[in-house]
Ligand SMILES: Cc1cc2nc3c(=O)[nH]c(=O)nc-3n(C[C@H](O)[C@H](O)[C@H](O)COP(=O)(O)O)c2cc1C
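Quick heads-up: it's one chain on its own, the form predicted alone, in structure tokens.
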């Protein structure tokens, strides 16, 4: 796991604030159980089989010497970059990552002692690809590669498409 977090550590951030924070648990330990308990049942059904669960959060404010504590409008963008670096390193290490938005943020914040001023963005399952037949039947049909929009629908020269 440290290799994944080391990759995330080197993500770029606005003014080098590095607002991201991660909490994680390995399958079988108390941290994993706390994170899994906050997942919606649909996600818990498969995510409990992962080797690790990682919570991605970031501090929504920053302290500026001349202003004191002010909102950081880039905190979620920066946390997204850090999670992206983590996911890329996982892929390079032969692991699979799957980020989820289906969780009870309030319960998760309480159980993991999220500091005040931080926002939870996602829970990420990390592990090796399992067998499709080990999933609940309702999820097996969904195990196909995700499609992507063509660049012509997401990139515009000189303006947004």
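Fair warning: this is a prediction, and the values are worked out from it, not measured in the lab. Numbering follows the first chain given and starts at 1.
What comes next is about the form predicted in complex with the ligand, which does not appear here.
Contact with the ligand in the model of the complex, judged by any heavy atom within 4.5 Å, is made by just one of 117, 127, 102, 31: 102. For the ligand in the model of the complex, the listed stretch (130 to 138, 63 to 71, 106 to 114, 41 to 49) containing residues with heavy atoms inside 4.5 Å is 41 to 49. At a distance threshold of 4.5 angstroms between non-hydrogen atoms, residue 27 is out of contact with the ligand in the model of the complex. Shown alone here, residue 16 lies farther than 4.5 Å from the ligand in the model of the complex, counting heavy atoms only. Heavy atoms closer than or equal to 4.5 Å to the ligand in the model of the complex belong, across 136 to 157, to the residues 142, 146, 148, ordered by sequence position.
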